[in-house]
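The chain below stands alone and is given as structure tokens, in the form predicted on its own.
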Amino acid sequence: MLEIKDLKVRYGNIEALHGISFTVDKGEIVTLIGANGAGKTTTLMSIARLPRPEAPTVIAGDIIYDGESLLNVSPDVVVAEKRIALVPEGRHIFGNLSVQENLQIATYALDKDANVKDAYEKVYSLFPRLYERRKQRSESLSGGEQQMLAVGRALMTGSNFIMLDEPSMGLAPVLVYDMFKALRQMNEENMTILLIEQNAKIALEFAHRGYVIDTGEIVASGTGKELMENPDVKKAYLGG
């Protein structure tokens, strides 16, 4: 479904990715793990085709999605036509709008004949708290509820490929469990997921496969179980 081929990107004169390659198959959950500054968020920004200066410039390689290059595709087309959604680090919800209004904004990418009612019902069944708070201003939500809203907003675009950047950041342990339970349900309903997660242990337990990025290069790959048993990965990311 997604193939990253020898991708090199840079911010100004600084090269951030040095020719990384990896794949995500349809129906998979794939995680990227690595230290802060390793290039994980840069990778997601590159796939989403976000513009400069926030995102980097691709200087070599390719991003292939469903057999077609995304290099000359604009961000709005990535969402509206390619059906790829990014849930960014920090959530970036619209705090002055209600929960329902935040979700409604995402529906503008849908086709005119799309069943918006079903989309709302899907989000609210996945995250019942959002239904309870649908009329509240989003800035009044807890951190966990805001993260649910960010994921729900991505679902409202009708995407079948979702990228998540640190979905558990700042959440209480019980909410982390609830979030990953919801993501698992999404995957079981045919959502393909590319995940960045600060908690490497839960990410590798959750994902089918994973890749380790270190200073802009892929240094290890395998199934979640294989990476959890890799001595170098255990030492660097799993506390021994």
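The shown structure was predicted, so the numbers you read here are calculated from the model rather than taken from an experiment. Each residue number is its position in the shown sequence, starting from 1.
We do not show the form predicted together with a small molecule, though everything after this point is about it.
Exactly one listed residue, out of 64, 191, 182, 35, brings a non-hydrogen atom to within 4.5 Å of the small molecule in the predicted bound form: 35.
41 is the sole member of 199, 41, 187, 57 with a non-hydrogen atom lying within 4.5 angstroms of the small molecule in the predicted bound form.
Proximity of residue 173 to the small molecule in the predicted bound form: non-hydrogen atoms within 4.5 Å are absent; the residue sits far from the partner. Within 4.5 Å of some heavy atom of the small molecule in the predicted bound form lies at least one heavy atom of residue 89.
Taking the partner from elsewhere, residue 166 is found to have a heavy atom lying within 4.5 Å of the small molecule in the predicted bound form. Under a 4.5 angstroms non-hydrogen atom cutoff, the small molecule in the predicted bound form lacks residue 218 among its neighbouring residues.
Stretch-level contact analysis of 173-181, 47-55, 65-73, 201-209 against the small molecule in the predicted bound form, using heavy atoms and a 4.5 Å limit, identifies 47-55.
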